[in-house]
Each structure stands twice: as C-alpha cells, then as structure tokens.
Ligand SMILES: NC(=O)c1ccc[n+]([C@@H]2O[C@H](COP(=O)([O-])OP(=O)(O)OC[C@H]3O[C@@H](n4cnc5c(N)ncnc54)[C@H](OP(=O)(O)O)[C@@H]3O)[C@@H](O)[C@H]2O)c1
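Here we start with a single chain on its own, the form predicted on its own, put down as structure tokens.
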C-alpha cells in the first residue's frame, strides 16, 4: 500500500466519471488517479489528456493488470457493474462501484465472499451518504431534535425518452427504480437507521421502452413509513422531507447537491406560515471529492467503507421486493 495516497484507476470513460467524479476525486488529499481505461484506446487517451491522468489503457483488463493501481472506480452501465467489480476484486484491487452495484442480490453475496477472500475494500458509490447535509440530517434525527421520526416523503424525477439512452434500456438496468429510486430507499434506511419490514408499489411502464417510468412506493419501517415517487418522464424535481412528532426537516437539493454553492436544509415546528423556519447551510463542497477521500481513508487506515456490500444487499433486496409487488399487486415482506 502506498503511504499517504491511494493510487486509483478508472474503468470506463463514462460521462459521470469524466465530468463529475474524476475531477472531484483529483482534488482529494489522500488519493491520486493514475490511470483510465476504455475499450477504445484513443478514447482513453483523450480522457487522460483532458484530465491530466498519466496512464491510459485500451482495455479494462490492461488497467486491472497494472500492479501500481491499488483501487478501482467503476462508472460503467448498470448491467456491467457486477462483472467488473468481481474481476477487479480477483486482481486484488479495492473497488468503489457506482450504484446499483449489481442487479441481483445473489450476486452481492458472491462479491462478499470474494471481498473476504482477497481482503480488499469494496463499496457502493452512494455519494450522498457522506455529504454533510445528509450526515447532519441523520445526526439531528438520532439526537431527537424532531421528536420521534415517523414519516419520510420523497420525490426524484427527470425527463428522458430517448430510446438510445442507457437509462431507457431495460436489459441494461434502465428505468426509474435502478437509476434514481435507489436513492430514497438508501437515504430513508440511513436516516431511520433500520430496515423496512415490507413494501408496496405502483408502477407505470413505458409502452414501448418497457422501463418503469413512474413508480410510487410505500416502505413500512418499524418506526414509521417512507412514501416516495420517482419518474424518468416528469419535470425535473427532487426533495426529501422528514417528519417527526415535534419538527420536520426538508432537504432542498438532496441528491444532485451542487458543488458551487452552499447546500441548505430547513427545520421548522409545523407553523404553516413558517415563522419558525430555520435555515441550516453547509459550506461549499463536492460530494464526489468527499466520497473519494473517505473511501481512500478506509483503505489507508483499514476502516469500514461508507456503503458496504452488506448495505448494498439490503438496498437491492428492497428494489427486488418493489418489482415483486408490481407483479403481485400486494405487500411484499422483507
């Protein structure tokens, strides 16, 4: 292991990596990105030149074969996550893979076995988990500032109908649940600090693309309920609200948190005229930078990663139950 900085490689020149994650991670104090791979060597070279990455590879296998690369970031399409996470682990690399880590919970169990065998760190890239606004919201709930948390309300949507877009291809893990529905599931589990007992869903599918384009879900937790709607064919919007017996907290931009301005959450005691409304702001930060640094610290100091494979298993189990509820038209126990 390198002293002080983890040497990272990136598998894929995907847009999210090139435009958001890699530039943010390059600002991290305890890591450096030394390689990037594409199945087209020229694409890898162009990305490497643009981002100032010293090494590029014309295949994913070549990057995994570089002994100096210690950890891998994977922003591939959803259906490729499991395959390349597995291959990276088997090469003895630590892995941070975009969500969803797999499309079947059984695959997570195999990855857990491999992680333990090769003694590496493996995590799901829910960047929201380590953002200060989410850490603070969870802290306030657990400290009892809202009274007992009883209900969560969430919404996340955008509008995309291009059949060639990877998010609209069913067999590639497209659709609202895998792409964005995973966020209110993960964050409600995180803030409640417990697992749902059962789920119910209503799903509307695009008649041509067959993806789930509009989904409404009820998650029944031991302490209360989360109700959320996600859509790939509605006006863009996102919000999460947490209702306690005494106060509520609203996260203004919960998922696509900006990196060029302060993020804000709001707390109030239910006054409809909002005379008690308190604005809580957070210093400008980049959630992808924080994610990279926290994961790298876990490697350097042998700590738990922010979002473990065990957590990924639980999140994917909820998603599978939501699709089962669609088919049965009834509650599904977890």
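Numbering follows the first chain given and starts at 1. What you are looking at is a predicted structure, and each value in this text was computed from that prediction instead of being measured.
If you look for the form predicted in complex with this ligand, you will not find it shown, but the lines that follow are about it.
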Open item on the list: in the predicted bound form, does residue 78 come within 4.5 Å of this ligand, counting heavy atoms only?
Closed with: yes
Task: residue 14, heavy atom within 4.5 angstroms of this ligand in the predicted bound form - done: yes
Task: 4.5 angstroms heavy atom contact with this ligand in the predicted bound form for residue 111 - done: no
Open item on the list: I'd like to know if residue 50 sits close to this ligand in the predicted bound form, meaning any non-hydrogen atom pair within 4.5 angstroms.
Closed with: no
- [ ] Could you check which residue among 149, 176, 88, 127 gets a heavy atom within 4.5 Å of this ligand in the predicted bound form?
- [x] 127
Open item on the list: Going by heavy atom distances of 4.5 angstroms or less, which of 115, 189, 99, 247 would be at the interface with this ligand in the predicted bound form?
Closed with: 99
Task: Output flag, 60, 166 and 288 jointly within 4.5 Å of this ligand in the predicted bound form, heavy atom basis - done: yes
Task: Contact segment among 134 to 142, 214 to 222, 78 to 86, 189 to 197, judged by heavy atoms lying within 4.5 Å of this ligand in the predicted bound form - done: 78 to 86
Task: Partner contacts in the predicted bound form for 172 to 200 (non-hydrogen atom within 4.5 angstroms of this ligand) - done: 172, 179, 183
